[in-house]
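A single chain comes next, written as structure tokens; it is the form predicted alone.
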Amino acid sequence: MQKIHFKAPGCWINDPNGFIWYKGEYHLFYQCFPYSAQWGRMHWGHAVSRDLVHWEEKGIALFPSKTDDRSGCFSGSAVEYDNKMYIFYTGVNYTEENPENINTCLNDNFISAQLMITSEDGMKFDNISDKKTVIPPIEDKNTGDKTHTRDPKVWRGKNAWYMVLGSTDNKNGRLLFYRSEDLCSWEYVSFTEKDNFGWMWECPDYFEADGTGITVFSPMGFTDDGKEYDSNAVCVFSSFDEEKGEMKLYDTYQYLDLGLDLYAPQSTTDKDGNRVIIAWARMPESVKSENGEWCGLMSIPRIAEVKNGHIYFRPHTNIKNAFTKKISSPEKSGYMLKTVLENGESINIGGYLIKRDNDKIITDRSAVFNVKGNYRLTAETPVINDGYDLEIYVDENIIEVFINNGEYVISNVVYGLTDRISGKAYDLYAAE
């Protein structure tokens, strides 16, 4: 049983997939290479929770079994229909395997298809007998790319089902839209794109929050600052015309998280109808523990809300309610810290520095991120006009700083945190 942050169970994990409330439980599937703490031929791992706080691992749900997914079961989503769980995902077939590691390919030589698998209970999946493929590799170059088209997100419209895929055309990211009456037969209907907005758009997601359309996706090659992780998750206000199957993306955007470590977010509705989103926290180095070497973890679930033309991502109510036990010192299993910073004030949490300067919140993980590579060590918010309440969730390898209940969030992977806290006064809470 895992608590608060879901972490790789002795292996490698990345994108959250198939996030859904189904038959009384939250199901979280995730990209997984179950044999090592490094990226490889993708499977889907599986965990369930009744409260988004405690997670029970259920092992491998999807694995390669067909020509179209022989090299990996990549990202996708889940929906409920006719009392069944329908999972959609991208299958990959390497056309040039790496002879030194057949779990990888050479020169980006692979093709992608979109596959489906169903389950009566959300627990058992027949990877062998099910037909799987519903959209074969794209052949029309004017539509999308047969290699880089992936990550189906499916949702129910008023009169039909819709699917959005991330793709590319001449090194320009785009979204492809499909329509279906029965979840089995899919018809391509349109695409949308933005110039100079990354060369490929991964893990698209469309939903409404407070009556406002929001598209979340992860454009590759987007943050052009010479640092690692130049692909980052962004949120764009949007509208979707179901009759035409067309999406309009508006000009302004915001990052999902200003720490720029989180990637490939996926949303669902919780049992109370809130739009909740979770994302993969990228880890450049694995961690050795008594449960084995592991790499990759998930952010805490966040509720998306729109206020004054801005998207807030606040900690899910169940997470907030879990941290009710007042403590006097940090706990190794994780804790939550509350404080308020005035200009010129700071707090140092185990080596992770948070300060307020010129009405911005600025973080610095230099002392707890001694890894190879040109990674971002600092992050900052725009100028904040009102309120500097900080709610900070601290785990051994991640810190998530929520400012003004989600007006902005800075999340960072860390290594080597200590239990020493100094600077501004604070209150500490442990999860019951």
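Quick note: we count residues from 1 along the sequence shown, nothing fancier. These numbers were taken from a predicted model, which means no experiment stands behind them.
The form predicted together with beta-D-fructofuranose (FRU) is left out here; the points below concern that form.
- Partner contact region in the predicted bound form: 256-264, out of 132-140, 96-104, 256-264, 189-197, criterion any non-hydrogen atom within 4.5 Å of beta-D-fructofuranose (FRU).
- Interface residue remark: Y35 is not counted as part of the site for beta-D-fructofuranose (FRU) in the predicted bound form, having no heavy atom within 4.5 Å.
- Shown alone here, F74 lies within 4.5 Å of beta-D-fructofuranose (FRU) in the predicted bound form, counting heavy atoms only.
- Although the partner is absent here, T363 is not a contact residue: none of its heavy atoms lies within 4.5 angstroms of beta-D-fructofuranose (FRU) in the predicted bound form.
- In the predicted bound form, beta-D-fructofuranose (FRU) lies within 4.5 Å of some heavy atom of C203.
- Though beta-D-fructofuranose (FRU) is absent from this view, in the predicted bound form it lies within 4.5 Å of a heavy atom of just one residue from Y352, F323, W280, F88, which is W280.
- The single contact residue among R150, K153, R356, R174, judged by any heavy atom lying within 4.5 Å of beta-D-fructofuranose (FRU) in the predicted bound form, is R150.
- For a residue to qualify, one of its non-hydrogen atoms must sit within 4.5 Å of beta-D-fructofuranose (FRU) in the predicted bound form; all three of D15, W39 and M42 qualify.
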